[in-house]
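Single chain ahead, written as structure tokens, the form predicted on its own.
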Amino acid sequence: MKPIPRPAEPGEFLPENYFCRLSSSELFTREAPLEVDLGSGDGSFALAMARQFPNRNFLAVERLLGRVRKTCKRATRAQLPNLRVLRLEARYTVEWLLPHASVSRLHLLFPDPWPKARHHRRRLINAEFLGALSKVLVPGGDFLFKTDHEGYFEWATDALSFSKHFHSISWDDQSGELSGYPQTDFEAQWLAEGRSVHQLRARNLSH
């Protein structure tokens, strides 16, 4: 017997085929700039962004079902039709599922730093990931990264410096696009504990 598919939560996106790259129209019916919160946790950041920018579409990607359900419930209560939630592993989402040249900004905020040297190969940011990311970002699209782990920040900075797909830019520019950038639950916790937060922003060079 085939397993019965789990019904989607309100606001959750369940692809018809997880082994085929999506089209932009499958994610959202309206045309608007798409932003992705990769590893969205409890959804606080994605929810705040969707409220702040109602003219943009937001996809929150999270692996843990409990967090997905929590985000969906909060988005439904807040009446945010511009936010959808995808339950999936982060690397697979970027490398195999997201439409090419579809994402205007991708946010990777406080991912697992895998601090032990023998686990560094598990870190999300590497040359292969950046190559795949450059394909799903629109030309001139932005990759935004935050971490409280200095070693991972240096790792990410080095990876981007060697990448032919990106060049680093100032987090705050004259456009004011990132004014009022909301905090994640982890960021609020780390700052309350007196930890430093490191951030970088890189622009996609691919055409």
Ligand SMILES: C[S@@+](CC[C@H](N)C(=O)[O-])C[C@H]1O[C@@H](n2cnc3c(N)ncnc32)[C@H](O)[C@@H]1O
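These figures come from a predicted structure and were not determined experimentally. So that there is no doubt, residue numbering starts at 1 and follows the sequence shown.
From this point on, the text means the form predicted in complex with this ligand, which you will not see here.
Contact assignment for this ligand in the predicted complex, among V94, L109, I125, C72, heavy atom within 4.5 Å: The option sitting close enough to the partner is L109.
Contact test, all of E35, N82 and G141, partner this ligand in the predicted complex, heavy atom 4.5 Å: No: no residue has a heavy atom within 4.5 Å of the partner.
Partner contact for F13 in the predicted complex: this ligand, 4.5 angstroms, heavy atom: No, no contact at 4.5 Å.
A90: touches this ligand in the predicted complex, heavy atom cutoff 4.5 angstroms: Yes, A90 sits close enough to this ligand in the predicted complex that at least one of its heavy atoms falls within 4.5 Å.
R63, heavy atom within 4.5 angstroms of this ligand in the predicted complex: Yes, R63 sits close enough to this ligand in the predicted complex that at least one of its heavy atoms falls within 4.5 Å.
4.5 Å heavy atom contact, R56 to this ligand in the predicted complex: Judged by the heavy-atom cut-off of 4.5 Å, R56 is well away from this ligand in the predicted complex.
Contact stretch among 109-117, 132-140, 72-80, 94-102 - heavy atom within 4.5 Å of this ligand in the predicted complex: Among the candidates, contact is made by 109-117.
Contact set, 18-50 vs this ligand in the predicted complex - heavy atom within 4.5 angstroms: Heavy-atom contacts to this ligand in the predicted complex: G39, S40, G41.
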